[in-house]
Each structure stands twice: as structure tokens, then as C-alpha cells.
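Listed next as C-alpha cells is one chain, alone, in the form predicted alone.
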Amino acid sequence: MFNKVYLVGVGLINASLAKDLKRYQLAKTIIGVGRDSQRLAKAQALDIIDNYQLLQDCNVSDADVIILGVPVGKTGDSLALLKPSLNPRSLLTDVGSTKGNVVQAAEEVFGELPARFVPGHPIAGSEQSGFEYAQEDLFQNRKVILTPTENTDEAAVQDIKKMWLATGAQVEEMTVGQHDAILSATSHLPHMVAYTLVNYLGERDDASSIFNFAAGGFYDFTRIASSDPTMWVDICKANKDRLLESIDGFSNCLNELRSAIDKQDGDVINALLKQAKHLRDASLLK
């Protein structure tokens, strides 16, 4: 499908994509681009990438597609380093968890958004980070959201869509604003809740007993609190307004439940819990 693919940032998502590109013969050569030569050399030794370049002096002029997989807060800096050698014919996409700041960074770097730029976000991954945790078929039956801009060429959208479909993913399109609003509620907020719950329990006087006797449900619920904090700081800052809206909405719902418990109002408690059960069970059937 592609002759040369450049992965800018060889973390969990890009490395997992590299495995699929190789497995399904979607790319002849995969080149990793990053700032740490030792890490890149290790990724090459593991056969995740075929070769590598350092970001500060990279040349991507022969790229068929460039996939940006850096922390969203580093998008602008990375694009600025790619810009001197970027071929207008190359496809440019990303795998970031926020889209508004990515599009804004691209506009600031290029002045006008490139026609071959297709912002994207695979809804996949784990609490682990780094190419060491890369998985084949990570995107199988998982959703990938593409958020083309007004400047994006439709042919570029279709090429990126075909790439993701070939990995087994389900591809959806939406606007940048829709993406950031939805993901603030379904991904960003749950991570903040998990981090906060663990912090709250860790600050209690009986913290050692709490963690000692915590059951599987607790560890299932808080698994994502093991995610890379640096990445999530960037996401919080990048999607600030949407995330604050989601936090405020969740706080209101939690206060509603708190009030019902305080009043010992079993009917309200039951109604709230039944509603949640119904909504979750229904969503699993889709």
C-alpha cells in the first residue's frame, strides 16, 4: 500500500500500527523518527521499525505517509521540525487523543492547513506506554475517528481510511469539536476520576488496609490510573474547556447521588442506579 511510512514518535500506538503494517504488508519500509537514538535503535532491533532518524535533523521528503504519535503538547514543535522537508504530496496524519490543539498547532506551523493533512485518533491502547507493549491487531474491531478539516482533500481522507480499515478498525468521521467533546466524557473524564479516586484513598489514614483488601472490581476500575501522567497532563491542557464541562457535569451527578444517600431516599438511589445499569447494558448491545 505504501512504499515509505514515517512514524514520528514510536510509542504504543504507532508501534502497534507498525506491527500491523508489516503483518498485512501495507508498507515496504517503516522509519521511526524521534529524539532518543537509543530508544529508536531498540525499536529497530525488535523489528518494529526498519530504520530511524532523529527528529531534529530528519528528512521526510520521500514519505508516502507520516503518522504523528507524539504527546499532543509536542505537536507544534514536531511539525515545525518536519516542515522543511515535508513533501506536499505526503499524507500527514496523527493518533492524538485531542484534535482541536493538533489542528491549531498545524495551522500555526504551516499558515494554512495542508490539503493532505488528516487528523485522526484510534480509540485503542492500554495503561501501558512504549513500543515494548506494542500489540498486533490492537485496532481490530476498535474505532478510529478521523476529523478532516475544511482544507483536507477527500482523496487523502480515503487513503488514511483504507489504511485503518486494513488493520481491522472501524472508521468514523466527525468534526474536531465533536471529537473533543465526546472524548472528554468517555476517555478524559474517566481517567481523571480513576486518578482522583486512587489519590483520595491513598491519602486516607487507613490507606494500607484499603489497598490490601481491595477486590478485583477496584483494580478493574482504576487500571487506567496506571497510564502515563505526562501524556495526560498534555491532554488536560489541550482539552481544558471540554474536560472542565465534563468534570462539572459528573460532579453534579455525584452530588445528586450524595444527596439521595444523605436523605436515605431509597427510591431515588434505586432509580439512579437502575438508570446507570440500563444505559451501560444497552450500550454493550450496540
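Owing to the predicted nature of the structure, the values given are computational and were not obtained by experimental measurement. Residues carry their position along the shown sequence, with the first being 1.
Although not depicted, the form predicted in complex with a further copy of the same chain is the subject of the following passage.
Subject >> The unique member of S208, Q158, N87, T175 whose heavy atoms fall within 4.5 Å of a further copy of the same chain in the predicted complex >> reply: Only one option qualifies, and that one is S208.
Original post:
Quick one: of V109, A115, V103, I145, which gets a non-hydrogen atom within 4.5 angstroms of a further copy of the same chain in the predicted complex?
Top reply: Selected option: I145.
**OP:** From the candidate stretches 65-73, 28-36, 246-254, 50-58, select the single one in contact with a further copy of the same chain in the predicted complex, where contact means a heavy atom within 4.5 Å.
**Re:** That would be 246-254.
**OP:** Report yes if any heavy atom of A166 sits within 4.5 Å of a heavy atom of a further copy of the same chain in the predicted complex; otherwise report no.
**Re:** Contact with a further copy of the same chain, no.
**OP:** Flag S184 as yes or no: does it have a non-hydrogen atom within 4.5 angstroms of any non-hydrogen atom of a further copy of the same chain in the predicted complex?
**Re:** Yes.
Subject >> Proximity of K162 to a further copy of the same chain in the predicted complex, heavy atoms at 4.5 Å >> reply: K162: no, not in contact with a further copy of the same chain in the predicted complex.
Original post:
K83 near a further copy of the same chain in the predicted complex, any heavy atom under 4.5 Å?
Top reply: No, no contact at 4.5 Å.
Original post:
Does a further copy of the same chain come within 4.5 Å of a heavy atom in each of V193, T196 and C236 in the predicted complex?
Top reply: Each of the three qualifies.
**OP:** Enumerate the residues of 248-281 that have a non-hydrogen atom within 4.5 Å of a further copy of the same chain in the predicted complex, in sequence order, or give none.
**Re:** Going through 248-281 in order - heavy atoms within 4.5 Å of a further copy of the same chain in the predicted complex - the hits are D248, G249, F250, S251, C253, L254, L257, R258, I261, D262, Q264, G266, I269, N270, L272, L273, K274, Q275, A276, K277, L279, R280, D281.
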